[in-house]
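This document starts with two versions of one protein chain, written out as structure tokens and named structure 1 and structure 2.
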Structure 1
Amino acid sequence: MIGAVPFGIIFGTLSGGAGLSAAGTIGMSLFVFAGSAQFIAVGLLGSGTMWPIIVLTTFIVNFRHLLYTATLLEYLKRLPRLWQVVLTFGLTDETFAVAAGRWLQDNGSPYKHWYQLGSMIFMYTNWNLCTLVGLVAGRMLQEIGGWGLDFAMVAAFIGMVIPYLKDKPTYAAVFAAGISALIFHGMPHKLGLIMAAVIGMTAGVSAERLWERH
């Protein structure tokens, strides 16, 4: 949970330089509430991408959240509709990590949905407060003159990719995605990004099988 603090602040800080208004930044944290997709949206906005492409990319990036609902389906199914809507709205990577641990614990506690709601509210508040702090910090830095701030996005993204680099297939996936992104760079509407993502995923999965066999 504390791990989300720098991310929220960094998101708020970078948004201004990418041309996202203060209202847009706050609105994104309030209504979208999805860390990596928000970062990627800001990155794409900074390079002048049109909004339908960003929405499409959000779909691809957040598609993994479907698995979270799938994992908790058995439990969520039994709750009233309003609970389902609220709990799935806040089903981020972090909430899932915390909530799944609790749901899958084999005791008959009838209050598990309250536990998930609690952790969700905590993270939601945290994420939005950090966005505000970052927003203010970012505007102040811009006034000072933005030293190296145009590089901040690249540095932040590199820092976010590194924790994923734990096994060979992930290296293969990232490497393939980087090369493809260069090859397809000239494609209109940043479609090269989506091509690169698909090729990267394929490379990761293929590499897994390759190394498993040996």
Structure 2
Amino acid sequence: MIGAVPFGIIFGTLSGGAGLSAAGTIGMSLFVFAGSAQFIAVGLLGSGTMWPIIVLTTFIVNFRHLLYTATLLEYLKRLPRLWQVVLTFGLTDETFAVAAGRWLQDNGSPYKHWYQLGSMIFMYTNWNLCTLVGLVAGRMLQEIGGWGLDFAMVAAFIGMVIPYLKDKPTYAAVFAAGISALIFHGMPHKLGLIMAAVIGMTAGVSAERLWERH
């Protein structure tokens, strides 16, 4: 939540400069609720990009959520459909990080979906309040984008990755994905992130199979 605070404020501040109305800014945080996708969409809106390209680009950026649902599918498929819809909507990077750890605990607790819901509610409330703060204080914080506060989100992602570095295949996946993300950073529509994810997964699976053989 702390990492998302400056990110949400920056989004609320910059969205007005991109030509998005106050209602549009609030609506995007309420109904889209995806920080990276919202930033990209605002940037494309500001450059006059046609809406089909904006939809396609944000879809590609959020493609990583398929990996999240693949991890949690074994647990979420047992829940009623309403629970599945609600938890899917709120499956942000941060919520996945804490919820996955909770689901993977072998303690027989029947209330783990409530734990994920709690994380979702806190993140959702936090994100929308910060968007509102950035929107209201936009005139006073015009230069906030250059303050370097966005590093808080980078630090949050680092914190999410570190606990999973427990074996050589995981290290291989993270290293391959990180190097690939740097190499393919200049690709349009954030395709480099998708390539980095695929390369990271391939490296991890290959390393795991090689490790098992030895």
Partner chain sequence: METLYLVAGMALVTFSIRYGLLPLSGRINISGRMRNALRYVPPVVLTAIIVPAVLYPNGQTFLHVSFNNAYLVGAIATVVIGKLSKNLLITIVCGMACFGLWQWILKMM
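Values in this document were obtained by computation on a predicted structure and should not be read as measured data. Along the sequence of structure 1, residues get numbers from 1 upward. Heads up, when I say rigid core I mean the largest set of C-alphas that superpose within 1.5 Å between the two forms.
Between the two isolated copies of the chain, the form predicted on its own corresponds to structure 2.
After superposition on the rigid core, the Cα of G204 moves by 2 Å or more between structures 1 and 2. If you fit the rigid core between structures 1 and 2, you'll see the Cα of I40 move by less than 2 angstroms.
In the core-superposed comparison between structures 1 and 2, the CA atom of S180 travels 14.4 Å.
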